[in-house]
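Below you'll find only one chain, the form predicted alone, shown as C-alpha cells.
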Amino acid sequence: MFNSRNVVISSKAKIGQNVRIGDDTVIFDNVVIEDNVTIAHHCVIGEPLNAYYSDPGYENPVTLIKANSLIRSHTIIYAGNTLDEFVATGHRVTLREYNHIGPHTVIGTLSDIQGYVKIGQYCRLNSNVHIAQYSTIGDYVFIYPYVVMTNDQYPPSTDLLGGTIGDYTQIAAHCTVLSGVTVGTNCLLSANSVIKNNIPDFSLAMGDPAKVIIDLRKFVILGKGKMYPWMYRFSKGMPWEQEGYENWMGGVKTEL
C-alpha cells in the first residue's frame, strides 16, 4: 500500500498482492480486490445498498475488482459490481449496484453508471457521461462527454427499459439516447442528436429526432477518403494497436 492514512478495510474483504490503497479510502464487506490493483485516495468500494439502512439481516453482495485495474480518487463503487481486468476510472466516478464492466474499459471523470448496466471490453466513456439502469453497451464503443442514456419513456414510472449500443459505435458529445432504443454496430451518432428510434448498423445519424443520413461506409472526406469503419485508421489503446485491425482479425476484413 501507499503510506496511507485513515484507511478502513473490512475484515470480510479480500485484498490481493501488490494492491495499493490511498488515504481516506473505505472498503466494505465482501469486496474482493485482485492483484496489482490501485485504489487512489478518498474512494468507497462496496458501498452498501439501500437495504443496509433498514434490514438488520442485510449482507453486502460481493464486489469484485479484477487484476491490474486503476480506481482514481473519489470514485464510489457500490456493492455488487464486477470490474474486469485493466478497468480504469477517472476521478469522482459513481458506479451504482450490479454493473458489469468489461476488461480494458475506461470510465471518465464525473461519469455516473446507474446500476444493472453491462459495458463490454475496450470501451471509452469520456467525462460526464450518464448511463441509466438496464442499459447495454457492446465492445469497442466510444461515448463522448455529456452523453445521456435514459430508461423511462413516461417519467416517473417503474417501467424502465435501458437502451442498447452495438459494437464499435461512436456517440458524439451531448447526445441523448432515449429509453429502449437499439443502436446498431459501427454507427456514428452526431453531436447534440436525440436518438428516439432504432438505428441500423453502419449508420450516420443526426438531428432531433435523429435521422439516418447515410450508410457510414459511404461517408467520404475529401482528401482523406473513407473514414469508417474507424478501426482501420485508429488503434491507440486497442488490442490491434501493434498489428493493425485486419491482421488482428486474422485477415478478415469488415465489409466496406
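Just count from 1 along the sequence shown to find any residue number. This one's a predicted model, so the numbers in the text were calculated from it and none came from an experiment.
What comes next is about the form predicted together with a further copy of the same chain, which does not appear here.
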- Message: in the predicted bound form, does His104 come within 4.5 Å of a further copy of the same chain, counting heavy atoms only?
- Response: no
- Counting only non-hydrogen atoms and a 4.5 angstroms cut-off, does Lys218 reach a further copy of the same chain in the predicted bound form? no
- Message: Please tell me whether any heavy atom belonging to Tyr58 falls inside 4.5 Å of a heavy atom of a further copy of the same chain, as the geometry stands in the predicted bound form.
- Response: no
- Decide whether Ile65 counts as a contact residue for a further copy of the same chain in the predicted bound form under a heavy atom distance cut-off of 4.5 Å. no
- Item | Triplet Val32, Thr136 and Gly251 all within 4.5 Å of a further copy of the same chain in the predicted bound form via a heavy atom | no
- Query: Since exactly one of Gln121, Thr94, Asn186, Ser179 fits, which has a heavy atom within 4.5 Å of a further copy of the same chain in the predicted bound form?
  - Reply: Thr94
- Looking in the predicted bound form, the residues of 160-194 with a heavy atom no more than 4.5 Å from a further copy of the same chain, listed in order, are Gln170, Ala173, His174, Cys175, Thr176, Leu178, Leu188, Ser190, Ala191, Asn192, Val194
